[in-house]
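This document starts with one chain, in the form predicted on its own, laid out as structure tokens.
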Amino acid sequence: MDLRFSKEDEDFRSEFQAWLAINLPQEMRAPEFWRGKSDDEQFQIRRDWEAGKAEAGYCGIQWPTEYGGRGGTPTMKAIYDEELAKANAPRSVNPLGLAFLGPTVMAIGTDEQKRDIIKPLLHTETIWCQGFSEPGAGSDLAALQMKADQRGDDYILNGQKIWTTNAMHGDKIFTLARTSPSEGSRHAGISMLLVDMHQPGVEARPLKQITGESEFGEVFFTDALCPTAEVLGGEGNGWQTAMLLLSFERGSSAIGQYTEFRHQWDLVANLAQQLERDGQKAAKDPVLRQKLAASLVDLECLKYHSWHILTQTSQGKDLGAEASMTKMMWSETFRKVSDTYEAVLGTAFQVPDPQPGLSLEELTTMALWSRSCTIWGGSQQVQRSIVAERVLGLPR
């Protein structure tokens, strides 16, 4: 493990910090700034800010310069994630496009797809959704039923997708559909299609989450059109394309997550010193103190694991099961920090601002959102199976 940054890395950190100091107003860093604004208003503010960030050269840090990226190193990307978390910067409006679609198009897209997709994606001109899950095909993705029948130069799409992030703000969706019979294998006959969301026959409906937000939606396709040229990875190769795309999902390091979760832990620890529980400060309760200490230990383990992974990738080593280990560690650590917050506040954590003078929306949203992170991106059970087979050598 190498805990040192190069001079080039530190120069990049200083440069990015200086840019954030000028271009990220202090009021935007505070939860209070977003109160009272609708989902649409919040999204547009984030979209405009991210477009400015891209224009300044601070998006696509590891992307090749030929695609509009910075051509940076894995350590620069880690610094970038860390500094955004420290500044409490707005989260990306195009996470699925940046993390998954962009790298996949660079790897296997046609020249036309690279030209038409990557730059608009990077500059938030096009917001992308991911249409994988269906009501009857969640974790069992190969059970998808949406059909795409070819008629001339178009596919005619009919079906439904669910749990679609950014469905209400998406301009386009990369989605899986059956373009031909399965021919004995459920993974055969699937293609990844790039579909315009702004057309007749595509309807997005919001799904209200436990946090009160509607980041997810469900999308209905009724005789919607997709040109046959808008297939990523070739017709019938959708499963292989999806597996390549998902390989980018778990990432190489969780330094950004660690920074964010450590900030949340500090807020929880400070809360424990202020709240009264059974006639004394919550921080005096030995059980709560143990919970705080245990979650802090988990956080520090996550930090050093992330440094180990970052060292491996910086040396040009490919990640295998380590990606699954990282996903397990950061999502479980997030959950434990959230559980500690709930233990400190008690059942009142479900009610915003139960104590005068304390603003708890950020922590309450964190606690509720953490429930999903051990499921999406490959559930903990799936990740443990990967580690068991590929690291421990256990039979399937």
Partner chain sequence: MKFQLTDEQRALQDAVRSYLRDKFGPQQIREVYDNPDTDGVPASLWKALGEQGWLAVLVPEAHDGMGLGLLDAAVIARTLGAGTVPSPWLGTILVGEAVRLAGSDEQKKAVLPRLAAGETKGAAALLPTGSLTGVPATTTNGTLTGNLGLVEYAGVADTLVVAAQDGLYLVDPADATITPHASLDRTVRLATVVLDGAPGERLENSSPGVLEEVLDRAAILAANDLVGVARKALSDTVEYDKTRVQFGKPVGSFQAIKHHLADLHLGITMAEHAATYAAHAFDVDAADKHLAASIAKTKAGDVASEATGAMIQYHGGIGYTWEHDSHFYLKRAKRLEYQYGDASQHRERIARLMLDSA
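Values in this document were obtained by computation on a predicted structure and should not be read as measured data. Positions refer to the first chain, counted from 1.
Just so it is clear, the following notes concern the form predicted in complex with its partner chain, a form of the same protein that is not shown.
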Next on the checklist: Counting any non-hydrogen atom inside 4.5 Å, which residue from F100, W239, W265, F216 sits next to its partner chain in the predicted complex?
Outcome noted: W265
Next on the checklist: Between A343, M328, M28, L368, only one gets a heavy atom within 4.5 angstroms of its partner chain in the predicted complex; which residue is that?
Outcome noted: M328
Checklist entry - In terms of non-hydrogen atoms within 4.5 angstroms, which of the given stretches 104 to 112, 196 to 204, 136 to 144, 295 to 303 touches its partner chain in the predicted complex? => result 295 to 303
Item to check | Check all three, A56, L122 and W376, heavy atom within 4.5 Å of its partner chain in the predicted complex | outcome: no
Checklist entry - Is Q381 close enough to touch its partner chain in the predicted complex, meaning at least one heavy atom pair within 4.5 Å? => result yes
Checklist entry - Is A269 close enough to touch its partner chain in the predicted complex, meaning at least one heavy atom pair within 4.5 Å? => result yes
Item to check | Touches its partner chain in the predicted complex: Q273 (any heavy atom, 4.5 Å) | outcome: yes
Next on the checklist: in the predicted complex, is there a heavy atom of its partner chain that lies within 4.5 Å of any heavy atom of L310, even though the partner is absent here?
Outcome noted: yes
Checklist entry - Is any part of 367 to 396 within 4.5 angstroms of its partner chain in the predicted complex by a non-hydrogen atom, and which residues would that be? => result Q381, R384, S385, V387, A388, E389, V391, L392, G393, L394, P395, R396
